[in-house]
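We begin with a single chain expressed as structure tokens, specifically the form predicted on its own.
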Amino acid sequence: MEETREHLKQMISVAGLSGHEAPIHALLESAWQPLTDEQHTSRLGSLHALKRGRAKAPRNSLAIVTHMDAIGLMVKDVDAAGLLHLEAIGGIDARVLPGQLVTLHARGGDLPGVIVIPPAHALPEDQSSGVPSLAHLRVDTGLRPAQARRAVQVGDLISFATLPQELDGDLLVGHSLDNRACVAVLTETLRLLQTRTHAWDVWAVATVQEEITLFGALTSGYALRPTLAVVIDVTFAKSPGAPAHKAFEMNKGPALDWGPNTHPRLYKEVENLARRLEIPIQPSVYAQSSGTDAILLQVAAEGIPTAILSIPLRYMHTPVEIIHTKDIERAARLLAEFISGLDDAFMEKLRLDTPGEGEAS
């Protein structure tokens, strides 16, 4: 697991904001090259890596899909004082931003900065108490006004500069663990498959733009046309003040999501396998939308039966997200065992036109 932990630290030490994923794409391309047989990039920028199965061609295929993009900020304006006005990339809670160290990815090179809050008397009356909205926060790079206007352009990206830290009890803290923790699950799955045989082709897919459009998953679904898919994303872990019925325990295994983006028979197959292997999983239900790539992936082309595994994560969409590394290990083992058991007869188990276990006849 140490190799996976170091891989994860590398991933949360690079940028790759939604719509601008080149840095994380390059890292994954290198990491997956020895673990897969071929790679290519979708027209939208998602990374597709194929590990061929042993069955006679044409083979069925499973896509393991997880997004590699992260939330962040963009320069909206450079004011007369040389301070940078901000636009959010993805969902960011302004309450966690003041005082955060950031990296400005300027066209001439990276620059350090800090998110600052104006004094109360300089704010509108309705913003003078508590944390003001993003429109009133600034990034200070320390550059003089003329220098800032020369070095910074509107549209330059800003990422969090939180360094990864290991906490007690196999916990890891850092930015962008949504969703780099799940990319680590996929990488570890590929490592485990080096010592297992599997009949089906396996597509490792790191999608772009999940935080803003979900279009990376949609276009990859059309491009690859996999027989089945498993989406890996994060979910809310239990933390102070989190509603108990909406959050999940860390170090208790991944959550297995049940709802309209999930194929019911595929859910049951994964659930039964986890029980046989004594891998702990946590049931998760959603009534309308899973909030994951599965929303559009499952309706790509003729439709792709999809399951969703989720890694519990504390403090989602902040610069100090926390995961438990054993949940990554368990999810990867479950996926590797599932892949190893896929055969030509598997799709018959997923037919919805015949009653299944626990279903009405």
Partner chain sequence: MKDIIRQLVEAIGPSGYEGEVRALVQKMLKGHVDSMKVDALGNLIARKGKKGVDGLTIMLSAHLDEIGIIATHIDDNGFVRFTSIGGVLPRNTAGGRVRFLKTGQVGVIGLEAHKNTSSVPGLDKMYIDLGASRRAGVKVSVGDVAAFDRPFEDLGGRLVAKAMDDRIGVAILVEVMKGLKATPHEVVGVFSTQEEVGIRGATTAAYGVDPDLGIALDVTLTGDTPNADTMAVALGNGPAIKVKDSGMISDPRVVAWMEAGARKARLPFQREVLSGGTTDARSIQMARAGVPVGCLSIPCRYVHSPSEMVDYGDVQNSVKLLLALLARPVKLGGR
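Numbering follows the first chain given and starts at 1. Remember, it's a predicted structure, so these values are computed and weren't measured experimentally.
Keep in mind that the form predicted together with the partner chain is missing from the display, and what follows is about it.
Undergrad: Just one of 154-162, 176-184, 109-117, 141-149 has residues with a heavy atom within 4.5 Å of the partner chain in the predicted complex, so point it out.
TA: Single hit among the candidates: 154-162.
Undergrad: Does L44 reach the partner chain in the predicted complex, with heavy atoms at most 4.5 Å apart?
TA: L44 belongs to the contact set for the partner chain.
Undergrad: Whether Q209 contacts the partner chain in the predicted complex should be assessed with a 4.5 Å heavy atom distance threshold; does it?
TA: It does: once the partner chain is placed as it appears in the predicted complex, Q209 has a heavy atom within 4.5 Å of it.
Undergrad: Taking any heavy atom pair closer than or equal to 4.5 Å as contact, tell me whether L172 reaches the partner chain in the predicted complex.
TA: Flag for L172 set to no.
Undergrad: Taking the partner chain as it sits in the predicted complex, is W203 in contact with it (heavy atom to heavy atom, 4.5 Å or less)?
TA: Although the partner chain is absent here, W203 would stay clear of it in the predicted complex, with no heavy atoms inside 4.5 Å.
Undergrad: Within 4.5 Å, heavy atoms only, which of L101, A242, A88, L273 is in contact with the partner chain in the predicted complex?
TA: Spelling it out, the residue with a heavy atom inside the cut-off is A88.
Undergrad: Heavy atom within 4.5 Å of the partner chain in the predicted complex: which of L137, L256, L83, A223?
TA: Spelling it out, the residue with a heavy atom inside the cut-off is A223.
Undergrad: Does anything in 204-218 come within 4.5 Å of the partner chain in the predicted complex by heavy atoms, and if so which residues, in order?
TA: Q209, I212, T213, F215, L218 sit within 4.5 Å of the partner.
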